[in-house]
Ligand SMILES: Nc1ncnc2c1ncn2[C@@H]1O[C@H](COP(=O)(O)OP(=O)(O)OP(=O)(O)O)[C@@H](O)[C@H]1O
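Presented below, as structure tokens, is a lone chain in the form predicted alone.
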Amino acid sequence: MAPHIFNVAARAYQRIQEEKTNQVILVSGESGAGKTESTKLMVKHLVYMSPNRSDDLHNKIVQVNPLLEAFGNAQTIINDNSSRFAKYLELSFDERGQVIGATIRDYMLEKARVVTCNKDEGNFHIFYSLFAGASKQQLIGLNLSESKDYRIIKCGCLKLLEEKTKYREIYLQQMDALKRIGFDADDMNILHCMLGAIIHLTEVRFKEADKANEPLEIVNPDQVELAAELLNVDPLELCLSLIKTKTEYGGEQLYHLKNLEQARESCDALAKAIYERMFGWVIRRINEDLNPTKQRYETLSY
């Protein structure tokens, strides 16, 4: 018979207890085959089988996959919730078979999707949920207007802009999950600022200077200023970094002017790098909160 997800999870758990050896479950298949859902169900089943359950820890572990979906999943042509990254989820058990923590490793995040996607596809879910779920005051604080006004939001499937109820629920669920793993008000603000900065950076436009050998002109410097404010960096330094390349040679600083294509690529590259760092930050915070050593210490400290 074809493998059944609950049976596979149960057999792995049984072997952990009987043979005292590590077990690996490899979930594979084409896009849309159900890898993400199968993983979530197996994790739930493994947690359910664990005795003397700590509901708080178990709820956090179960919420890990849906949390990562908001930041790492997107709609593609054949899958509305396609994982655009690879992950390795490790569950740790003690000698009694009790789950005591989890660790996540991420691979191959498709960060190019941050700045461009196909016509019938979408950006990462978190961008749509930001506009659908964040309060009006939060969006004003980020200097954001309507989602349809921004390139990286409207470049893909326009129907996604209309699914506000769906994305509002995703936003509320993910903000709650972030709080559960230890994100406080300052962390939430930083997260929102990074998302806002990415959106503003990808709106920056350049044009050739009127004279030869002159630096490019930034058509809308206000977008750079808004991004700089959210990133807490100097606006002038950010502007210069987008139109010039600085190198050091012989103790001296040399500047090379970028052409139009290079400036656009560097702006998009910065947006992608910020998103990748933000994604990694979220995963590190998850790992810190679900660290098996921490969980064991807290259990023994009661």
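Residue numbers run from 1 along the displayed sequence. Heads up, when I say rigid core I mean the largest set of C-alphas that superpose within 1.5 Å between the two forms. Since the structure is predicted, the reported quantities are computational estimates derived from the model, not experimental observations.
As for the form predicted in complex with this ligand, it is not shown, yet the points below apply to it.
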field: 4.5 Å heavy atom contact with this ligand in the predicted bound form for all of K35, L41 and S83
entry: yes
- prompt: With the cut-off set at 4.5 Å between non-hydrogen atoms, does S31 touch this ligand in the predicted bound form?
  reply: yes
- prompt: Counting only non-hydrogen atoms and a 4.5 angstroms cut-off, does T116 reach this ligand in the predicted bound form?
  reply: no
message: in the predicted bound form, does N79 come within 4.5 Å of this ligand, counting heavy atoms only?
response: yes
message: So if I measure heavy atom distances to this ligand in the predicted bound form, which of the stretches 23 to 31, 262 to 270, 240 to 248, 59 to 67 falls within 4.5 Å?
response: 23 to 31
message: Quick check on V27: with the core superposed, does its CA move 2 angstroms or more between the shown form and the other one?
response: yes
